[in-house]
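Before any questions on how it binds or moves, here is one chain, the form predicted alone, in structure tokens.
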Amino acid sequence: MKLLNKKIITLFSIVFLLAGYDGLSQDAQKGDLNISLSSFISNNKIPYVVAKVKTKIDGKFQMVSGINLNLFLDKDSAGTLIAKVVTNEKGEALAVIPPSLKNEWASTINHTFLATFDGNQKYEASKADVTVIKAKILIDTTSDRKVTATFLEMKDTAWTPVKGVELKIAVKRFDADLSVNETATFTTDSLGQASADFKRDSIPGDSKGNIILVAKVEDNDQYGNLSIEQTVPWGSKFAGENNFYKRTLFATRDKAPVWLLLMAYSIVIVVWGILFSLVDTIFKIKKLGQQIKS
């Protein structure tokens, strides 16, 4: 009997050990998340931050959706919370700095954006941060179609020109911005300025010939992403042609092209002509048969 009890106790011990090992194995299988942060300022207005979350699967990084993130300004506390966000199907989440943090943003010349993930059953907890210096871009144009972008950073209480910043001066398009000339990027001088001659004279604009110029800095380690836009009448006028009341292939039925109507009606006439001819032939054969019988 004692031997039987020892065997039962040993069996239960093994079961509990295996269960504990299985639980440890499940914990060990949790994935690691990689969080990256980028800051954006458009037209020198309210900044916003974009978080991207990815994980490595089979040696390749893949974006992760449905991850809950807490975004903070400068420190991880309730008073500096920018927003609680969830990554979309592209693994991205965006949040604009709220009015409640306006004073916090204005208080210093550089800021740190923080992102924290508390972890879940699938992924371990993770965090990320990025520090940026306050900066802005100004854009100016002349009558001879020269575009000048000025890059400034905040030092102490004054905006100061920055030398050696690489930026783009381009025409804003739907798919991708088009540089104003053959040069892809421009670098600011000691006055914080970069100039470019506009050489896209035939580029289409709106009905008044207006196009949108954009000067921007992308993925800068110190300043993040900044852009500014200005509308100028340097494009060719675009007048859309309205064919709604004309006979076109894609118009309403009563505005169908004449050649299409002729083709359709010809087919109908030919088909019905053949049917009538067959019916007439059948009646003639029937009548001929009756004459032969009589």
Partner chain sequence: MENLNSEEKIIQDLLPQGFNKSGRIWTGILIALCLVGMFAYYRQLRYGLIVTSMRDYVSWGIYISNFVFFVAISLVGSLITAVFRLSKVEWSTPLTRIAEMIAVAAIIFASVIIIVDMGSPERFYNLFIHGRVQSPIIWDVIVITTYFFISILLLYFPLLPDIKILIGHKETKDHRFKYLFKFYNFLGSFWKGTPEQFKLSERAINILCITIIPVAFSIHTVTSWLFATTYRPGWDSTNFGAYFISGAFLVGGGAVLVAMYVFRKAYHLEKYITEDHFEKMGKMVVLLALLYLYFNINEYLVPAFKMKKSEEAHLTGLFTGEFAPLFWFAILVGMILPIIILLFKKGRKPLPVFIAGIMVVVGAWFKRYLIVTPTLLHPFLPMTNVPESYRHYFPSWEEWAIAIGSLAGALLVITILARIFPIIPIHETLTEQHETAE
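Residue numbers count along the first chain shown, from 1. Between two forms, the rigid core is defined as the largest C-alpha subset superposing within 1.5 Å. Bear in mind the structure is a predicted one, so any value in this text is a computation, not a measurement.
The form predicted together with its partner chain exists for this protein as well; it is not shown, and the discussion that follows is about that form.
*Asks:* Is I57 part of the interface with its partner chain in the predicted complex - any heavy atom within 4.5 Å?
*Replies:* Outside the cut-off, so no.
*Asks:* Taking its partner chain as it sits in the predicted complex, is L249 near enough to touch it, meaning that at least one heavy atom pair lies within 4.5 angstroms?
*Replies:* Because a heavy atom of L249 falls inside 4.5 Å of its partner chain in the predicted complex, the answer is yes.
*Asks:* Considering non-hydrogen atoms and a 4.5 Å limit, does its partner chain approach K30 in the predicted complex?
*Replies:* Although its partner chain is absent here, K30 would stay clear of it in the predicted complex, with no heavy atoms inside 4.5 Å.
*Asks:* Could you confirm whether P233 comes within 4.5 Å of its partner chain in the predicted complex, counting heavy atoms only?
*Replies:* Close contact is absent here: in the predicted complex, P233 is far from its partner chain, nothing within 4.5 Å, heavy atoms only.
*Asks:* Have a look at 249 to 257, 61 to 69, 224 to 232, 45 to 53 and name the one stretch with heavy atoms inside 4.5 Å of its partner chain in the predicted complex.
*Replies:* Going through the listed ranges, the match is 249 to 257.
*Asks:* Enumerate the residues of 270 to 287 that have a non-hydrogen atom within 4.5 Å of its partner chain in the predicted complex, in sequence order, or give none.
*Replies:* Contacts from 270 to 287: V271, W272, I274, L275, L278, V279, T281, I282, K284, I285, K286.
*Asks:* After superposing the rigid core, is the C-alpha displacement of N34 2 Å or more between this form and the one not shown?
*Replies:* False for N34: its C-alpha shift is below 2 Å.
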